[in-house]
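Next comes just one chain, in structure tokens: the form predicted on its own.
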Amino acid sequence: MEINAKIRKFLSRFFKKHEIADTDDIFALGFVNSLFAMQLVMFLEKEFGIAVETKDLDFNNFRTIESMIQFVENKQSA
């Protein structure tokens, strides 16, 4: 399963009634609280075998599906 599909599947558990586009800002849409943000970080680490470091905790890395894909790909290739 590709990165996009895995992230979409994870997000769909939380946003059941809202279809999120790859470029939708999930923070601006009001879907994200601090607990969900930590769950998202832990999901990305576990699912894709990456380590999210303190310097990576920038909203721009997690704002959209597109930005999360880019972040994961960058971490995997580092």
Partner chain sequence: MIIELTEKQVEWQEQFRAFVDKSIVPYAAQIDKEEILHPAVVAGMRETGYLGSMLPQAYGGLGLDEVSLGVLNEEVGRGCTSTRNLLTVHGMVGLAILRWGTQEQKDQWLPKLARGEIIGAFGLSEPDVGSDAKNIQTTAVEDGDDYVLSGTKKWITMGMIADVFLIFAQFEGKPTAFLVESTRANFTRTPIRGMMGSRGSMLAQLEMDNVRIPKENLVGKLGTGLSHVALSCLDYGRYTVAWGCIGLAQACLEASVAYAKSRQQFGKPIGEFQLIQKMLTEMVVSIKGARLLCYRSGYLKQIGDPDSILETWTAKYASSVMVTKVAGDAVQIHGGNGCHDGYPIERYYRDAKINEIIEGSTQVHEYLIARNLLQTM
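Numbering follows the first chain given and starts at 1. From a predicted model like this one, the values you see are computed outputs, not experimental measurements.
Although it is not shown, the form predicted in complex with the partner chain is what the next lines describe.
- Among heavy atoms of residue 29, none comes within 4.5 Å of the partner chain in the predicted complex.
- In the predicted complex, residue 48 stays away from the partner chain, with no heavy atom inside 4.5 Å.
- Although the partner is absent here, residue 13 is a contact residue: one of its heavy atoms lies within 4.5 angstroms of the partner chain in the predicted complex.
- Residue contact with the partner chain in the predicted complex: residue 57 places a heavy atom within 4.5 Å of it.
- Contacts with the partner chain in the predicted complex, taken as any heavy atom within 4.5 Å, map within 36-50 to 37, 38, 39, 41, 42, 43, 45, 46.
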